[in-house]
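Next up is one chain by itself, shown in structure tokens, the form predicted alone.
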Amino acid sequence: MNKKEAILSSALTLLTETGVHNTPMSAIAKAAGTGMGTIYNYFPHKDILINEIYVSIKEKEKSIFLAFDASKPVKTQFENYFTAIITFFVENPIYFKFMEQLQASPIITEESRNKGEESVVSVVKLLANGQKERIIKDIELDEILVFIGGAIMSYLRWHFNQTETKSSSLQNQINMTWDAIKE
């Protein structure tokens, strides 16, 4: 791991454990095993560091859609998407904690948000195709995305607060969300 990666990794851990406002750059530098000069060479201020972590997570999130088969039925693609995004965050709980903390924060720049939106392009295409085929409700795609995103975030919050999760829970959430958006 090079110095920049060590800084990003240490920052992600500290920011999720202690919060954005309670994590000074000096603590990040110390955890990364580097000096303040080095950290400021890579990230002139904490907001730039936070935005780079945000974009990095969104890039990783985007990669879960690469294996999707667009020839499958819309419902199957939706179920695969929902399962994949939940699995991604369950397997990377630190990403979920970070995103939950900063998703609506003014620290995340418009440029970073625009890059982040690239992670859902495949989902937008899926939903638009579903609307064209009259499978998904004719509601603004942004509204449907907000609804699906809310379902995902709520499920993940619930999941991470359980001591034991039934295997049927995720499928139940998928079914309820699908029932809400299908025509």
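One rule holds for the numbers: they count along the sequence shown, beginning at 1. Predicted model, so just to flag it, every value in this text is computed and none were measured.
What comes next is about the form predicted together with another copy of the chain, which is not displayed.
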query: Contact label in the model of the complex: Phe147 to another copy of the chain, heavy atom within 4.5 Å; finding: yes
query: Another copy of the chain contact at Val124 in the model of the complex, heavy atom, 4.5 Å; finding: no
query: Proximity of Lys137 to another copy of the chain in the model of the complex, heavy atoms at 4.5 Å; finding: yes
query: Heavy atom of Asp179 within 4.5 Å of another copy of the chain in the model of the complex; finding: yes
query: Option touching another copy of the chain, based on a heavy atom within 4.5 Å in the model of the complex, out of Lys132, Lys62, Arg157, Lys30; finding: Arg157
query: The unique member of Asn92, Thr109, Thr76, Gln103 whose heavy atoms fall within 4.5 Å of another copy of the chain in the model of the complex; finding: Gln103
query: Residue stretch of 149 to 157, 31 to 39, 124 to 132, 48 to 56 approaching another copy of the chain in the model of the complex, non-hydrogen atom distance within 4.5 Å; finding: 149 to 157
